[in-house]
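Below you will find one chain, with nothing else, as structure tokens; this is the form predicted alone, and questions on how it binds or moves follow later.
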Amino acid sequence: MKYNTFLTLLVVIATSIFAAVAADHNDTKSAASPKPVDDDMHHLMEYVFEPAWKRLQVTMASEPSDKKAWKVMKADALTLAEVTNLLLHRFPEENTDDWVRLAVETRSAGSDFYQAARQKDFPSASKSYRLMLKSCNTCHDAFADGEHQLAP
């Protein structure tokens, strides 16, 4: 009889501990979930995406001639590819499937752009950069009434 009581008590304690740990984990996970600092998509585009794109317009005009210029290209390519992930946490009210498809397409082209820049492969970087901008512009056509078209 004592043995059964002990096992029951042990199971109750273990279950309580597990529940407490799971609750703490869920609270931590919830706190760590992406949360927009500013809900205005225009602000995200203007203050995060646009500065990198404007620098790249200059950088991509010709093949970088030194390590510093390649570093600028790599930094901006990585920035644009990574911050595109933020678009996957900010869904529009309509056409979310198109939004996700275009964000993933843009991120993929941005990732290819970054990898080409890391390899100092300007022709591939240029091709991926243009594909990334094409994806951006397609998204702007669909979600910004064709405004904010980006030129290489």
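Start at 1 and count along the sequence shown; that's the residue number. No experiment lies behind these values; they were computed from the predicted model shown.
The following text describes the form predicted in complex with ligand HEC, which does not appear among the structures shown.
Review point. How about W70: is it within 4.5 Å of ligand HEC in the model of the complex, going by heavy atoms?
Key: W70 lies outside the contact set for ligand HEC.
Check your understanding: Even though ligand HEC is not shown here, does H42 get within 4.5 Å of it in the model of the complex, heavy atoms only?
Key -> Contact with ligand HEC, yes.
Practice item. Give a yes or no for A109: in the model of the complex, does one of its heavy atoms lie within 4.5 Å of a heavy atom belonging to ligand HEC? Key: No, no contact at 4.5 Å.
Practice item. Indicate whether L87 is a 4.5 Å heavy atom neighbour of ligand HEC in the model of the complex. Key: Yes - in the model of the complex, heavy atoms of L87 and ligand HEC come within 4.5 Å of each other.
Review point. Out of the stretches listed (95 to 103, 58 to 66, 114 to 122, 31 to 39), which one is close to ligand HEC in the model of the complex, meaning heavy atoms within 4.5 Å?
Key: Within 4.5 Å of the partner lies stretch 95 to 103.
Review point. What residues of 46 to 62, in sequence order, lie within 4.5 Å of ligand HEC in the model of the complex by heavy atom?
Key: Result: E46, F49, E50, W53.
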